[in-house]
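First comes one chain, alone, set out as structure tokens in the form predicted on its own.
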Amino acid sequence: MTANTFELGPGYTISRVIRGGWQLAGGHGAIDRSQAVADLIATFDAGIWTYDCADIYTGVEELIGAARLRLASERGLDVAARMKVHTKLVPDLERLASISRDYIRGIIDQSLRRLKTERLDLVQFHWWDYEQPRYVDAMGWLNELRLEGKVRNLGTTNFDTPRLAEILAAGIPLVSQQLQYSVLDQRPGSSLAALAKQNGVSFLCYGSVAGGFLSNKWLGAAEPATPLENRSLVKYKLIIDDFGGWELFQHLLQALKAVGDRHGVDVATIASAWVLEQPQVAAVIVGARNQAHAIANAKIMDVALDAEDRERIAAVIAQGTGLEGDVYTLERDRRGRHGSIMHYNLNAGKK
């Protein structure tokens, strides 16, 4: 591993900043397909050559597939092969009780077509409801596809410690888990990190800038009134509330700004660099609105926090109440504040 790379699995190396794809799914405004492909290639040129997407992110696998084809045609297959693409498999809530090997295989084949490849670099599996117990079966079927050569690496998304332990005990060779991790949300840092360390599982972290709240834009800003602009802001405002509220959040932004000033970078860069330093963290997943944003995101890998930086940030975190429970426990309660805003059947009707 270098400051900019991480060996996620044997012979499989990724960039420590991963280009997120969720913002390209259309929920943040209309997508210019040609510009999106150009921006994805600009991200590659900036040194971020690993990408994250999902079967449920409408149109995103196709965009990344188009970027890979363009790289191959313009710069050759060897250059295009440096692009690493991680996708997710998220079975609809309504399908969990009847999940089958054919269902899993069908989604994998769909991702292969969309991404214009014969093998998926990493498939990250998500499961909505633990009362439906067939997630271990589904991981077994995914492992069959790995053994067939359709999938190179297997990971999970948002599993808590007991269920991740169950999957590992079944002999599934996981390399990673994607989860939310930030200066506002340290739930992964306790029991899950210990289990991951014991089993060689690394974290790929989203939410490191809390949907944009952890940025210079919100420093000194009044607490936003509802309704908020999009579901992402609603989600992360709940995280801020649980962390300790808007006033404490402002103190955190001030601390991050002070550290950023020492390093010549902004609040968002420091917030992501902090996550990158946490135990078991392989990479942070960040969005990019344009080419300039992608280039700025690459600077995350260049920041080396010192003891003073860490102490300044830790002092504010220590004042917070912290988020309760294991990873994604709050979000799994479909009647709760966090879970009630989720969309659970995003594959329904898609081809």
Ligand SMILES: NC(=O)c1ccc[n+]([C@@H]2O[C@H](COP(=O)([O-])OP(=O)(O)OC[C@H]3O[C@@H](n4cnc5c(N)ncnc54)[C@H](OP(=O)(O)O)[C@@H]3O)[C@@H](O)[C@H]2O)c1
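In this text, residue numbers run from 1 along the sequence as written. Predicted model only: the values in this text are computed from it and were never measured.
Only in words, not in the display: the form predicted together with the ligand, which the text now covers.
Student: With the partner left out here, if you bring back the ligand in the model of the complex, are Phe6, Thr117 and Asp121 all within 4.5 Å of it by some heavy atom?
Tutor: No: none of Phe6, Thr117 and Asp121 comes within 4.5 Å of the ligand in the model of the complex.
Student: Taking the partner as it appears in the model of the complex, which of 152-160, 70-78, 243-251, 219-227 has residues with heavy atoms within 4.5 Å of the ligand?
Tutor: That would be 152-160.
Student: Is Gly200 close enough to touch the ligand in the model of the complex, meaning at least one heavy atom pair within 4.5 Å?
Tutor: Contact check for Gly200: no, nothing within 4.5 Å of the ligand in the model of the complex.
Student: Answer with yes or no whether Asn297 is in contact with the ligand in the model of the complex, where contact means some heavy atom within 4.5 Å.
Tutor: Asn297: contacts the ligand in the model of the complex.
Student: Classify Glu61 as contacting or not contacting the ligand in the model of the complex by the rule of any non-hydrogen atom within 4.5 angstroms, answering yes or no.
Tutor: Contact with the ligand, no.
Student: Please check if Pro133 has a heavy atom lying within 4.5 Å of any heavy atom of the ligand in the model of the complex.
Tutor: Pro133 lies outside the contact set for the ligand.
Student: Only one of Gly47, Gly320, Gly65, Gly287 gets a heavy atom within 4.5 Å of the ligand in the model of the complex. Which one?
Tutor: Partner contact (heavy atom, 4.5 Å) among the options: Gly287.
Student: Which residue, Gly212, Pro279, Gly140, Pro173, is the contact with the ligand in the model of the complex, using a 4.5 Å heavy atom cutoff?
Tutor: The residue in contact is Gly212.
Student: Which residues within 38-53 place at least one heavy atom within 4.5 Å of the ligand in the model of the complex?
Tutor: Result: Asp52 alone.
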